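A single chain comes next, written as structure tokens; it is the form predicted on its own.
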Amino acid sequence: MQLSEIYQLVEEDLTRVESQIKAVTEVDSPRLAELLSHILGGGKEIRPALTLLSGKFYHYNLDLLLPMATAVELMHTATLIHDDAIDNSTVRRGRPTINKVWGEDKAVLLGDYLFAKAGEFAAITGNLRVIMLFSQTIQIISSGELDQAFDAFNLEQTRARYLRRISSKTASLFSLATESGAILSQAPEESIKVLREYGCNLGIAFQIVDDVLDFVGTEEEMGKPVGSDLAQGTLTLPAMLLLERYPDDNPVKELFHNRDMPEGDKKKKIKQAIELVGNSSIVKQCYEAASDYCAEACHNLGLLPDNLSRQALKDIADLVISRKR
């Protein structure tokens, strides 16, 4: 099953989200319009879809859910722009990054612009709880980014710290999508809790799979170079498992201990690490971990009304652990 099939329940409304995002590019400044047109669109739309689907269980008010779904996607894009600037990435979604084409300063400012625009859409809901949740999520994501920056090329990291980091950086935005959808549909507190936990666990699973794909995917599938995390000194679950399996002679350890090694040597170490992970059971272990989080995400969905949206959320969880990009 493809995401497009799962999205059928909210397909028309996702098109409305796309229209609102396109409208964001229609500004008076030609230069700003160029930057916005370069970066907006082309995503998987999973976060706005989750907002809309989570709003389908009770009172589906599109006047509130549509701006929130747009806000979530704009926030996601803003985080990607800042991520690329921080990591000095050159490719995103198969295209040159903002920082690569226009410079790091323009990327940071564009990310700030989109955070503000996302906040404007969140404010349209007029729901103070959702607006506060939106702001808190930016804080959580920023905290996760800081943790990652401080831990760059640090081998002394536990799995608990890794999970805390991806919960902040990735899962918090998934949780914002599902929890805000529940709140704006006037769901009871028990259902809000179920959908918040669904989003959080789904987001953790999504990031674990993303980290695996950084080793076993292709640049064409992912829209960015493989091995990017290692190049930036980010220790992910596959790399942690590789360190546990080969505690002494390990390319990850050599790479992290000698972060200023020549670029050619760095690429060799990354290639060795990718080959070691690909030829081991580490990938299987990571997918099992992701599958466990997806199962946890779906564990309490039975407490929600039995409708097509509930099945769609289950289908998204299944797709997360089988995706290739």
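All values reported here derive from a predicted model rather than from experimental measurement. When you see a residue number, it is the position in the sequence shown, counting from 1.
Separately, the form predicted in complex with a further copy of the same chain exists; it is not shown, and the next lines address it.
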Could you tell me which one of E244, E219, D105, E190 places a heavy atom within 4.5 Å of a further copy of the same chain in the predicted bound form?
-> D105
Quick one: from D210, D151, E197, E254, grab the residue that has a heavy atom within 4.5 Å of a further copy of the same chain in the predicted bound form.
-> D151
Output flag, S29, H82 and G126 jointly within 4.5 Å of a further copy of the same chain in the predicted bound form, heavy atom basis | yes
Where does a further copy of the same chain sit in the predicted bound form: which of 234 to 242, 168 to 176, 105 to 113, 219 to 227, heavy atoms within 4.5 Å?
-> 105 to 113
With the cut-off set at 4.5 Å between non-hydrogen atoms, does R93 touch a further copy of the same chain in the predicted bound form?
-> no
Given that the partner is absent here, does I86 sit within 4.5 Å of a further copy of the same chain in the predicted bound form, heavy atoms only?
-> yes
Taking 4.5 angstroms as the cut-off for heavy atoms, does A273 touch a further copy of the same chain in the predicted bound form?
-> no
Taking 4.5 angstroms as the cut-off for heavy atoms, does L155 touch a further copy of the same chain in the predicted bound form?
-> no
Using a 4.5 Å cut-off on heavy atoms, what residues in 138 to 152 are near a further copy of the same chain in the predicted bound form?
-> I138, Q139, S142, S143, E145, L146, D147, A149, F150, D151
